[in-house]
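Only one chain comes next, encoded as structure tokens, the form predicted on its own.
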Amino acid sequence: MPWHPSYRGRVLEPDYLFASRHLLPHFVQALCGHLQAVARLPVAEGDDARREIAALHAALAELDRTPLPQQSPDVPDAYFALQRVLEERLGAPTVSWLRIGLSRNDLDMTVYRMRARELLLAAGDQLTTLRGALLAKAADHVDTVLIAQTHHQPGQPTTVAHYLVAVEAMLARDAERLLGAYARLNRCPLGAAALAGSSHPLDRDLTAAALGFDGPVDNTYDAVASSDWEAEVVSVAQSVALNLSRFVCDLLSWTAAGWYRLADDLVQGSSIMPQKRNPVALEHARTRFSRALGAAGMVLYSSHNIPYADLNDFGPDVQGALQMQHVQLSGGIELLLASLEGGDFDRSRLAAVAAATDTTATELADVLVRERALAFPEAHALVAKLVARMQAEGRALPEARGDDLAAVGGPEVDDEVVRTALDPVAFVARRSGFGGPAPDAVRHQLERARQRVERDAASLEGRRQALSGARATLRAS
């Protein structure tokens, strides 16, 4: 009986198209891995069995380089399409070796994990590249003073480099989350069959190793019923998108203020306003990070309030959402990277803003504590009065001198002491403690950051080499 048109049009055809585009190599590899375990079973002993299994393996290897045929009306999914192609070439008795101890349940879950590994590695590579670009930009601006905000108001002077290294540190934690998610994901469901495993003594460790997994999923029910690995994958991407959206927010604010300027090929003009340089690359990066967050919800809610069993909810029905999230996150990172490499901070404008700031007030209060033995609350109150006086007179706080402080009830202090305390460059230079913004302190942070980027890049490459090695061994066998 043919499938209902609604079921075929809404479910079978889209799933088949998705599998054809994104999952076919993983299906073929997973079947080859399973066949290796089958070849070592007692029922596979004998020359005829070995010849049939060898022919089947060769046919599978050929399918790895062949697109799926157009979906037939009576074929529900990619697995049955592959089976039909193999039966047409080798006959049903030969292909029946694949069916021993294999269910679509454990096969699908294996394929989905294999695809997710690729997405994680691709995201990890992009994140590594972006982190390197952040550090390169930071190295160019170790001495560039930036007035940082707290609660949407000017707060204290720091440097562009100090800010950018902070962003990289945030992304370094995302990289740790990504690598941890990969390790927990990288367990193989094959051999779990429908849920209870098989009475055939399949070597699940062999299958897992053949497919580049760190080992099999310990519990066969867990192998086909769990979706927490999907939740973790999208949660890692959510964290990256959230963190980068905050960076984009700052960049957009700085472009509006003229502190950051994008290259001409990253902005658009206006159809009516000749002066406009709209930072469209950053705007579109922001929307893609938002879409990555939304796609994560599609995956997470699909596992909400459902039985702990093998289900379509977190199987074929969310693979498109996983892909969608990856595409949006990847696009956002690519646009942000282009904006970082194709833009720069305007040193002269930042210096002018710093010269007119009142954000060095904390340092003058600290000087009064250190050099005049005032209690900090008293020093705080005096400097607050000085700030109000300077504002009322239309003068920038760094222009204040000793008599200005005395005029609001402060102790006698040399002009040079007041000037140095209120100088933004000196403010930054005095904060040379561990993690601070002083140039030498930031250079130490940069070196540590470069080391962790190199470490994470090596971990990603190790994972990639392990998968490549497993694929090569599988083909050779």
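Owing to the predicted nature of the structure, the values given are computational and were not obtained by experimental measurement. The first residue of the sequence shown is number 1, and the count goes up from there.
Although it is not shown, the form predicted in complex with a further copy of the same chain is what the next lines describe.
Original post:
If you check 214, 118, 143, 334 against a further copy of the same chain in the predicted complex, which one has a heavy atom within 4.5 Å?
Top reply: By the 4.5 Å criterion, the partner-contacting residue is 334.
Original post:
Among 389, 420 and 467, does every residue place a heavy atom within 4.5 Å of a further copy of the same chain in the predicted complex?
Top reply: No residue of the spot touches a further copy of the same chain in the predicted complex.
Original post:
a further copy of the same chain isn't shown here, but in the predicted complex, which of 129 to 137, 155 to 163, 347 to 355, 403 to 411 has heavy atoms within 4.5 Å of it?
Top reply: Stretch 155 to 163 is the one.
**OP:** Please check if residue 443 has a heavy atom lying within 4.5 Å of any heavy atom of a further copy of the same chain in the predicted complex.
**Re:** It does not: once a further copy of the same chain is placed as it appears in the predicted complex, residue 443 has no heavy atom within 4.5 Å of it.
Original post:
Should residue 112 be counted as a contact of a further copy of the same chain in the predicted complex, where contact means heavy atoms within 4.5 Å?
Top reply: Contact check for residue 112: no, nothing within 4.5 Å of a further copy of the same chain in the predicted complex.
**OP:** Indicate whether residue 33 is a 4.5 Å heavy atom neighbour of a further copy of the same chain in the predicted complex.
**Re:** It does not: once a further copy of the same chain is placed as it appears in the predicted complex, residue 33 has no heavy atom within 4.5 Å of it.
**OP:** Please check if residue 259 has a heavy atom lying within 4.5 Å of any heavy atom of a further copy of the same chain in the predicted complex.
**Re:** No - in the predicted complex, heavy atoms of residue 259 and a further copy of the same chain never come within 4.5 Å of each other.
**OP:** Output the sequence-ordered list of residues from 348 to 371 with at least one heavy atom within 4.5 Å of a further copy of the same chain in the predicted complex.
**Re:** Result: 358, 359, 361, 362, 363, 366, 369, 370.
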